[in-house]
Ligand SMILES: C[S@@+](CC[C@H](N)C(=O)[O-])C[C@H]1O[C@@H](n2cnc3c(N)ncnc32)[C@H](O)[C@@H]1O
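What follows is one chain in structure tokens, specifically the form predicted on its own.
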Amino acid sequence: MARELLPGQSPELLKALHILTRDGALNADSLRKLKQVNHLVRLLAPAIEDVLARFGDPVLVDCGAGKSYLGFVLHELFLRPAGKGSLHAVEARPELVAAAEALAARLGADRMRFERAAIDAAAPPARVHLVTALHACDTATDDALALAVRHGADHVAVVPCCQAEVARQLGEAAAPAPLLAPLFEHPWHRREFGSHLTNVVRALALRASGYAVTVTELAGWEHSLKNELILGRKVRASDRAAEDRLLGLCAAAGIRPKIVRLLFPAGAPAP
């Protein structure tokens, strides 16, 4: 089990999160969770170290935090040792927020804050520095990206899940570009192509908002089928060429995804 832990990661925290059993063992499901969270933490480390180095009190926002596995790990490995910064966890389910607050109090995780709200209704501090969303379902990922852009986040990292909106819009599209139409003629292809197109649109939306974007694999497919990681780093105010490509792609496919409606309402074509 020790080889699965990150440097500075305590078995006691993982037991408190019920990732490890009381005797320190891992079952198959817990191993998948631990590998996903820890691999994401490794990929996030440069961004977190960047904001800790450049800002006096950086704010990290975890959208759709669930049981706050990721937040507690980030607090233990980065915020507590640095002695600064805060993690703002946003979760809509009251029982999960209450459980996370109780655990934070028990562990002395005093740099964690919890907000019970949907992502699109969240009210984090006006300026945030890093936004994460691990498996926020369907358009909740778009809400997390929009929160990052609107609050000036220097870094953003999302692992999307269960993209359904664009697939529905493809099925309803009146006149998609003839060359694209065969890509989603069949329901199976429409679902798979819609999922891929959703994340292509998200990456372009981040680029149009001034982010350098990397799209990569989160962990091995044996651990999760929802495995695409979109990383963004703010490098400029905006990118008009990327916005034109984004809106042109949406027009050609006959779609109007939520991320486009949120960030580029004037240019979003009607489906």
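What you see is a predicted model, and the numbers here were worked out from it, not measured in a lab. Quick note: we count residues from 1 along the sequence shown, nothing fancier. Only the largest set of C-alpha atoms that superpose within 1.5 Å between the two forms is called the rigid core.
Not on display, but discussed next: the form predicted in complex with this ligand.
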Checklist entry - Only one of 104, 119, 128, 157 has a non-hydrogen atom within 4.5 angstroms of this ligand in the predicted complex; which is it? => result 119
Checklist entry - Considering 201, 134, 149, 167, which brings a non-hydrogen atom within 4.5 Å of this ligand in the predicted complex? => result 134
Next on the checklist: Considering non-hydrogen atoms and a 4.5 Å limit, does this ligand approach residue 65 in the predicted complex?
Outcome noted: yes
Next on the checklist: in the predicted complex, does residue 140 come within 4.5 Å of this ligand, counting heavy atoms only?
Outcome noted: yes
Checklist entry - Any of the heavy atoms of residue 92 lying within 4.5 Å of this ligand in the predicted complex? => result yes
Checklist entry - So in the predicted complex, does any heavy atom of residue 180 sit within 4.5 Å of this ligand? => result no
Item to check | Listed range touching this ligand, judged in the predicted complex by heavy atoms within 4.5 Å, from 187-195, 106-114, 140-148, 79-87 | outcome: 140-148
Checklist entry - Do you see a C-alpha shift of 2 Å or more at residue 36 between this form and the one not shown, with the core held fixed? => result yes
